[in-house]
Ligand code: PGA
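The data below hold one chain only, encoded as structure tokens and taken in the form predicted on its own.
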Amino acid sequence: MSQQKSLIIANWKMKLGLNQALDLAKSLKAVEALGKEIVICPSFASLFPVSQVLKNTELKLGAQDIFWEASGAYTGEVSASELRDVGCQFVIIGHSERRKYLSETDEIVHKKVKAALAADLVPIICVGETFDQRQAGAADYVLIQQVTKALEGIDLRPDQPVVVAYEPVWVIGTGQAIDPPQAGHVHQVIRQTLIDLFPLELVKNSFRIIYGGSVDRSNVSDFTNLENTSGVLVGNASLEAAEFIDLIKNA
């Protein structure tokens, strides 16, 4: 992998009201990145106020979703340009919760990835297998398909970063992370899939593969020390300032 900073992404999901999000952002604004790249992803309602808190800090802003069209009559959706306007640099795409509850398909994920890249947003493409898929021995196939469908046919500039986040669906929110060697194997599968899609030099320099799923301050280093792993996507452990700051230090 190229010498990129370790990436730590906080996904606040729909768990904080506006005042809670602002309080947490204020508690984090003085945190030292310690050589790491830290991205905060609040809910849509909190994006702009949190962006104002994070101004002139080392922390970067991300959104939790995006729509694939640039503008139009799409009630309730948010475009890439709107995300750019409020200061976003990153956007989560295809999170398992959206795939499950909102029936997002691989084709929808692909269109959203294209929209993000067209607006120079960094897509954080979430992939992961369910428990049934893992039990059936289909985990690798599912992941290869999700990565391929998200990215095939996309022309990347050499200066366009992309993040692929492996989140085993069956451990998200359970407090029980996957065994790190299992994650290491999956990240190798993902990397090989990227090499099948793009030139090796582009994979080395533009892509980062990260782990998500019950990451906390006690286990984060088990994942960030893995080969082919460039960081973590953090859920519950990013909702409390002291815990998240410790996690950043331990990564």
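Note that the structure is a prediction, hence the values are computed from the model and not measured. Note that residue numbering follows the sequence shown and begins at 1.
The following text describes the form predicted in complex with 2-phosphoglycolic acid, which does not appear among the structures shown.
Judged by heavy atoms within 4.5 Å of 2-phosphoglycolic acid in the model of the complex, the contact stretch among the candidates 70-78, 92-100, 132-140, 112-120 is 92-100.
For the chain shown alone, residue 25 is not a contact residue for 2-phosphoglycolic acid in the model of the complex, no non-hydrogen atom being within 4.5 angstroms. None of the heavy atoms of residue 50 is located within 4.5 Å of 2-phosphoglycolic acid in the model of the complex. Among heavy atoms of residue 219, none comes within 4.5 Å of 2-phosphoglycolic acid in the model of the complex. Although the partner is absent here, residue 236 sits close enough that one of its heavy atoms falls within 4.5 Å of 2-phosphoglycolic acid in the model of the complex.
Shown without its partner, this chain lists 86, 108, 154, 172 as candidates; in the model of the complex, only 172 has a non-hydrogen atom within 4.5 angstroms of 2-phosphoglycolic acid. The partner is not shown here, but in the model of the complex the stretch 197-220 reaches within 4.5 angstroms of 2-phosphoglycolic acid through a heavy atom at 213, 214, 215.
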